[in-house]
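In structure tokens, one chain follows: the form predicted alone.
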């Protein structure tokens, strides 16, 4: 058998193996791809489709109903005073939540990475555990702690003759909701940053200590700059979660009159879709929130990349 024949046989065998592996790969990802099309892509396109429609009622006593094409009218109507006020409230909520939560996450991660820290396993679990509690459950727990009639903190303050503050009042309700998000989200962000810290080679720390750096200097000048990509990622995730806040104010709403049905954009979407039966306006508002979230995320990443490239050129 000639050399050329052997080479062609090996080539055909290799191509056959490659095709077999390709078919196996497609077979394995097919269920996930089908589920994505059914439960992610299809609802998105359907929402986009109905956001350009509206139900027209003609005749007396709600006689004839027909679905008509209205173009961008639903989008124009979505920018009402309630929606703009909800956006402002959520931005204020984010200004409280994101810096405090990420600051605590970074602090806890640095403390756990310190060689002087003891009981690291217990501390990691204790800090991460609130993240495992569903948002609705944690909101209920904190809601009962906020209510003066059932709160143990109010009972202790009243015992000493101190009037307990109304945490669910209009002046501090944003802080009360942000506190729930901070309690539940700090652990997850801490784990992300702590994992990045553990990936740093120990030789860098040893060289810094030989040069006379203290643990504080190592944290500020070595650890934080190296884990900055992880901090940026957690900031992006936290910002997206802030724009989509829903469970916390929705759960606290029956406990106080200071949270309206349009406190956040998603609450307004829920009210329009399931209480006012206006699914077309809700669809348009959903698209606006999604596009706004995408735009803010893209702008933030563009600014970060521009600054990173500028520092590299220097």
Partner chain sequence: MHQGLRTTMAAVVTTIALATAGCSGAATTSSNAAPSEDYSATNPANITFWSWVPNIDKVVDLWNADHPEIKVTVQKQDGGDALVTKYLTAIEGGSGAPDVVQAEYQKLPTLVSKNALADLATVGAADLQSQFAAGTWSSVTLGTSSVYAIPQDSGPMAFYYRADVFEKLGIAVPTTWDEYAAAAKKIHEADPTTYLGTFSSVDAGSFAGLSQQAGAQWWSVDNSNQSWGVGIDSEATQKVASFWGDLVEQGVIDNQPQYTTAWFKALNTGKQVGWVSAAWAPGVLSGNAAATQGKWKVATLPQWDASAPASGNWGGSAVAVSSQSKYPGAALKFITWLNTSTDAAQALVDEGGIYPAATAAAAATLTEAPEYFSNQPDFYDVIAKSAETVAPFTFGPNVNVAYQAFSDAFGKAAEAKTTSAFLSALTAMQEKTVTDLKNQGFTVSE
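Bear in mind the structure is a predicted one, so any value in this text is a computation, not a measurement. Positions refer to the first chain, counted from 1.
The same protein also has a form predicted in complex with its partner chain, omitted here; what follows describes it.
- Every member of the trio 101, 260 and 279 reaches its partner chain in the model of the complex with some non-hydrogen atom inside 4.5 Å.
- Its partner chain is not drawn, but in the model of the complex it has no heavy atom within 4.5 Å of residue 69.
- In the model of the complex, its partner chain sits within 4.5 Å of a heavy atom belonging to residue 150.
- Proximity of residue 92 to its partner chain in the model of the complex: non-hydrogen atoms within 4.5 Å are absent; the residue sits far from the partner.
- Under a 4.5 angstroms non-hydrogen atom cutoff, its partner chain in the model of the complex lacks residue 175 among its neighbouring residues.
- This chain is drawn without its partner chain; in the model of the complex, the residue among 241, 224, 87, 96 with a heavy atom within 4.5 Å of it is 241.
- Along 269 to 298, a non-hydrogen atom within 4.5 Å of its partner chain in the model of the complex is carried by 271, 273, 274, 275, 276, 277, 279, in order along the sequence.
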